[in-house]
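Single chain ahead, written as structure tokens, the form predicted on its own.
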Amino acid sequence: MAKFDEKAKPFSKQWLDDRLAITTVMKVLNIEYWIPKNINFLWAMGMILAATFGMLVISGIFLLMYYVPTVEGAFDSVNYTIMTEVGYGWLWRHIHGVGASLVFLIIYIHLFTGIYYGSYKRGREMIWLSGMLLFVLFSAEAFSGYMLPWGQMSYWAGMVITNLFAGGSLEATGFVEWIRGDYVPAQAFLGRFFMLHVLLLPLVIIGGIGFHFATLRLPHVNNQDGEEIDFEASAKLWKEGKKKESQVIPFHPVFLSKDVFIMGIYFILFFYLVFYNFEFAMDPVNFDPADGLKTPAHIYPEWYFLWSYEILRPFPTDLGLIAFGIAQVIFLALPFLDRSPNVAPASRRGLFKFWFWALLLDVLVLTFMGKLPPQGIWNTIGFIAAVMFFVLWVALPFITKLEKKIEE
């Protein structure tokens, strides 16, 4: 049984430490959580994501105070009450809208950084899988939030996306109606997505973030050279004062101070966009009230979904749904499709470096094409880019299996 300091005053540091093991927890999660020295600013993206999610939660709480989750009141509560009648309501809406876009920009940077440096290999598979699970959860959270302003694009994007669950020739229309709670998006639909957006999904995301950070504890964080580091020996050197010889730094305060510096730069950009360029995060079509009898000329999702939407469009219905489904889960298979023995930057990995840049370029092309009408040359380019996306993933096991082991 643990020994307690009987002389400690109630709720003093020692009293709490005896009961909550605060010192031990701080060592495990903070002071003695060791980070490789040879990393760059891209390793701060995780903390930036957590901070941006915090901004979304805080701004969402303020918006929730005045939002009316009914088909009659939702549009006016967002575009009139919050924007013109509530003091600084416009500020919270801008923070929420800009944050929703920037969180996906950071997610994509974080994702492709992990691919470039091979941070999904050598025992780090659960880090990658938990991160991709978070990507799915953030996507669901963003989609559910997009429904809430109840503008034209909210309504019709909800109509199009839920129609995907009909399964093409399977004609599972009953399943679609079950999801909507009606034949078309209406009060039941809005109420369900309101509940998902403000309660269920945020709770699951918070749990997912905790799980993702837990998977980072063991094995340790990767580094930009893919080196094998003896963390115990390096940590011992640091504690002995031999900091130059050590290959690691403690998370607190050394690495955390660097994270805070990078977050400071990021939030300068964040609030510049909030105050001066917030329009990019707000679709002009969505400033028209939802009308089920008036279809927009061109229906498209937010920019962060455009690449997967473009994979769906060029193919016949059934094939498009299959392609879309595969595109949503294929990144989960990356640790198992990459057959190379090397954990190293893509620049040192032969054909893989061409594969990486080809994938990044292809996703960018798909994103640009997804915003354009599916006609003429745009449809042809979108089709080629969609086919190329799958060709790259099929080729991955073969080009990585041929890769020679890099001598360290």
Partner chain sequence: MNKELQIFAVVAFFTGLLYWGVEPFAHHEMHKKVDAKGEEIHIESHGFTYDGTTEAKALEVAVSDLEFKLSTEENATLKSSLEEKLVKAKAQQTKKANFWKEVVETAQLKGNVAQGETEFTSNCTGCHNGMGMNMGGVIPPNLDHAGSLYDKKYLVALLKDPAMASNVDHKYSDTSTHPMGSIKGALNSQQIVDIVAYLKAKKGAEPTAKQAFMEACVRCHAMRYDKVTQLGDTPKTKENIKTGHDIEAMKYAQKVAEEQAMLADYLGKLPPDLSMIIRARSEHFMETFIEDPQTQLAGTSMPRVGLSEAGYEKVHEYLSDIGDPSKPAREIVAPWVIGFFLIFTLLAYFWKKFHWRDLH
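Numbering follows the first chain given and starts at 1. Computed from a predicted model, the values in this text were never measured in an experiment.
The form predicted together with the partner chain is left out here; the points below concern that form.
S.K.: Do residue 180 and the partner chain share at least one heavy atom pair within 4.5 Å in the model of the complex?
M.R.: It does not: once the partner chain is placed as it appears in the model of the complex, residue 180 has no heavy atom within 4.5 Å of it.
S.K.: Contact with the partner chain in the model of the complex for residue 96, defined as at least one heavy atom pair within 4.5 Å: yes or no?
M.R.: Heavy-atom contact with the partner chain at 4.5 Å: absent for residue 96.
S.K.: Although the partner chain is absent from this view, report whether residue 323 comes within 4.5 Å of it in the model of the complex, heavy atoms only.
M.R.: No, no contact at 4.5 Å.
S.K.: Using heavy atoms and a 4.5 Å limit, would one call residue 364 a contact residue for the partner chain in the model of the complex?
M.R.: Contact check for residue 364: yes, within 4.5 Å of the partner chain in the model of the complex.
S.K.: Among 328, 224, 215, 139, which has any heavy atom within 4.5 Å of the partner chain in the model of the complex?
M.R.: The residue from 328, 224, 215, 139 that makes the contact is 224.
S.K.: Which one, 174, 292, 253, 210, lies within 4.5 Å of the partner chain in the model of the complex by heavy atoms?
M.R.: The residue from 174, 292, 253, 210 that makes the contact is 253.
S.K.: Within 4.5 angstroms, counting heavy atoms, which one of the listed stretches 335-343, 32-40, 46-54, 63-71 is next to the partner chain in the model of the complex?
M.R.: Of the stretches listed, the one contacting the partner is 32-40.
S.K.: With the partner absent here, would 75, 79 and 260 each sit within 4.5 Å of the partner chain in the model of the complex, counting heavy atoms only?
M.R.: Answer is yes for this spot.
S.K.: Of 362-378, which residues get within 4.5 Å of the partner chain in the model of the complex if you count heavy atoms?
M.R.: Sequence-ordered list: 364, 367, 368, 371, 372, 373, 378.
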